[in-house]
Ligand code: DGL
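Here you get one chain, nothing else, as structure tokens; it is the form predicted on its own.
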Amino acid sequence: MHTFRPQSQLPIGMFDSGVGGLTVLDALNRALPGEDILYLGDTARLPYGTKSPETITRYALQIAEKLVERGIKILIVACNTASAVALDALTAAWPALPVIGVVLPGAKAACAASQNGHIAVIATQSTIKGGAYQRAIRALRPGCRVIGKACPLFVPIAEEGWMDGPIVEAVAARYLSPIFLDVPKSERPDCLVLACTHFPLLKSAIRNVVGPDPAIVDAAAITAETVASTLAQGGLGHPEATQRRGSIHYLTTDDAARFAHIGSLFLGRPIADTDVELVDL
């Protein structure tokens, strides 16, 4: 039996297809250190980016139901693919629960970073095909030129813990050279959006390929700011947030030990095996 807790004392719920969303969790933990966080990585069904919209939506609803059962006060869809595809379905399923995705914060950050209005977005196949980032950027900055490029191999590379080196750079060059290297400098985007939570782990290799000029944007920090303002506006911040250190509990759908190992690389600090719980959806 669960002990009753006021809504403000419930944890922040968040999920991703794997460990990539830990980049958002890290930013959130830095912005709101007094809040408890419940994170679910659906590693058994990774990657989402090659799945159909119907399958991605079904997975997202199943995960959200698991988190809601545990008791959460806000849901963060820390997965660009699920944000692009399933946000409306999640909002409809739990209308009283604030639901925040990473697409709109990422689009806002891109529009702010670009000077010439020429933006490249790299993401999973599903995110690019759905066009959510392209639409969000153009809605915020009409007339903006947006190039979308699917980079599906980046997800398994990151999940393997390969973050730099010649193999990673070779894959990055195969994807990005047509946009940044094989065209005149005047035709190159001045902003590159890492529109998948796995991609920031490869930022060093990506930077080595595209060079020093384009601004590289990921949505983690601005998503954390959006969550903080949403909690404040709704009166949902933990009442003792300034006097406590929040807890982080991890759920995964496959191999808790591997989640702890790879997740530690993503976070840059250790995750204990005992902090990771294996769950079935």
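Numbering starts at 1 and runs along the sequence shown. A quick note: this is a predicted structure, and the numbers were derived from the prediction, not measured.
Here the subject shifts to the form predicted together with the named molecule, a form of this protein not shown in this document.
Looking at the named molecule in the predicted bound form, residues Lys108, Ile137 and Asp218 place no heavy atom within 4.5 Å of it. Proximity to the named molecule in the predicted bound form, taken as heavy atoms within 4.5 Å, picks out 72-80 from the listed stretches 140-148, 72-80, 202-210, 173-181. When the named molecule is considered in the predicted bound form, Gly41 lies well away from it, no heavy atom lying within 4.5 Å. The closest non-hydrogen atom of Ala224 lies beyond 4.5 Å of the named molecule in the predicted bound form. A residue is said to contact a partner when one of its heavy atoms sits within 4.5 Å of a partner heavy atom; Pro47 meets this definition for the named molecule in the predicted bound form. Contact annotation for Val155: at least one heavy atom lies within 4.5 Å of the named molecule in the predicted bound form.
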